[in-house]
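This document opens with one chain alone, in structure tokens, the form predicted alone.
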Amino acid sequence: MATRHMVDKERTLWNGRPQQEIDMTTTRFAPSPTGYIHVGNLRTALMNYLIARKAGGTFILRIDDTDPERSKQEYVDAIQQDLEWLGLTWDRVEKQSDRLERYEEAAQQLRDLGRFYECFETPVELDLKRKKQLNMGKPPVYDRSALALSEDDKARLREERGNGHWRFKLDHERIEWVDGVLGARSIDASSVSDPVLIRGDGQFLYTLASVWDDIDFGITHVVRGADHVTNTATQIQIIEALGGTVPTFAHHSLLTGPQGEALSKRLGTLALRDLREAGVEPMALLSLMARLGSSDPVELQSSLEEIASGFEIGHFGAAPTKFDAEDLYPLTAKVLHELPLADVAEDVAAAGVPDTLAERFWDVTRENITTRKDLKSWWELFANGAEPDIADEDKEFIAQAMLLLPEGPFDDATWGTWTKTVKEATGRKGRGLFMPLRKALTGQSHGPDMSSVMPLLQVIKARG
């Protein structure tokens, strides 16, 4: 007999649901405060956020801090700062460390149901059991030998080894559900070890705490990585045993590097705070992550509301998804190109640009920067001049041209007037005229229109 969670047609629809169900939509993002969140975490957070916001529902930030040794307040603060930077606002915060009594209530319910049993094997003993099973061609699942222990046996083992760890007794049936990304899924519970829910030291593990939270908070939709698929199967049985309503699950693909390599070793360099420090714009990151791995093209979006309105979880595939941080910078440049001065005024001022030149400076540089950090180098060029780039064959020409350069301050007509004079004096024209002059004044072969650049130039080091 199969344990089936084949939700009805309306519940499997992630969009276009009736109003009464939309009102109930509740999702959550549940990071552990043991480090900084990275792009992989963001993918999960964003999908859950978009589902809630599109449905007009509730998005919960749940801090999974049941591990007192590794959980740090500094990481809780950092998680919230990173989400706020991206505009992923939550409706409320829940901390698992505040809910330990509730988890004990859930554990007692499972004991009363006969679905919870205490085990005493050491890690070494468990490893030996797994190796023996593999040698025999059997799946390496827990053999449930603890179920044969008498109360006297348990008392003796507690005396010798301390408290045991507690496992949930799975019904050895087939567990089926409809996944929002993967489609119909089926796992034979007999191929999975009874999950440990409480460690011997009394720490509640993720599976029990998460399940009870989802029941208590009325979570209707759970989106997470494909590495949780087996967890989902066991959690469905635990939810049903505790009398909860099984949410609709969706498991997104895992990220890889641009060549398909494992991304896990690089995630430390892809923390959201590092991307922020590198100058990545929030909407560039959100626009990429909301479409990456889906059948929809990656396009720069103007707001989270726009992203949410077009978000479809069913458009995502199961194959590993390639992520290249370099793809964020063209999108970041597009974001900046469209911003008015008011949105970058602080950055322009921080670069050293006087208020009187701020508007002209931004108009000239906005389409020639990749991140806001580039503003400083542009102002240094305008204020202090650049190291001239002069080819040997152009040295005599540049020397003559600089003698013809009018005294500053320059205006919008200076470039046209000067190049006309140089052309008449030297006979040069076209690229042979304009490019050497640009490189002599700016040290660059490309950039903004020189007519607009000239009024900003404060020092001309190339003269002479």
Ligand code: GLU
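All of these numbers come straight from a predicted model, not from anything done at the bench. Numbering starts at 1 and runs along the sequence shown.
Quick note: we don't show the form predicted in complex with the ligand, though the next part is all about it.
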Touches the ligand in the predicted complex: residue 64 (any heavy atom, 4.5 Å): yes
Non-hydrogen atom contact residue 30 with the ligand in the predicted complex at 4.5 angstroms: yes
Touches the ligand in the predicted complex: residue 224 (any heavy atom, 4.5 Å): yes
Residue contact check: residue 228 to the ligand in the predicted complex, 4.5 Å heavy atom: yes
Contact residue in the predicted complex, chosen from 365, 332, 237, 210 - any heavy atom within 4.5 Å of the ligand: 210
Contact residue in the predicted complex, from 116, 120, 361, 206 (heavy atom within 4.5 Å of the ligand): 206
Partner-facing stretch of 391 to 399, 56 to 64, 431 to 439, 415 to 423, counted where any non-hydrogen atom is within 4.5 angstroms of the ligand in the predicted complex: 56 to 64
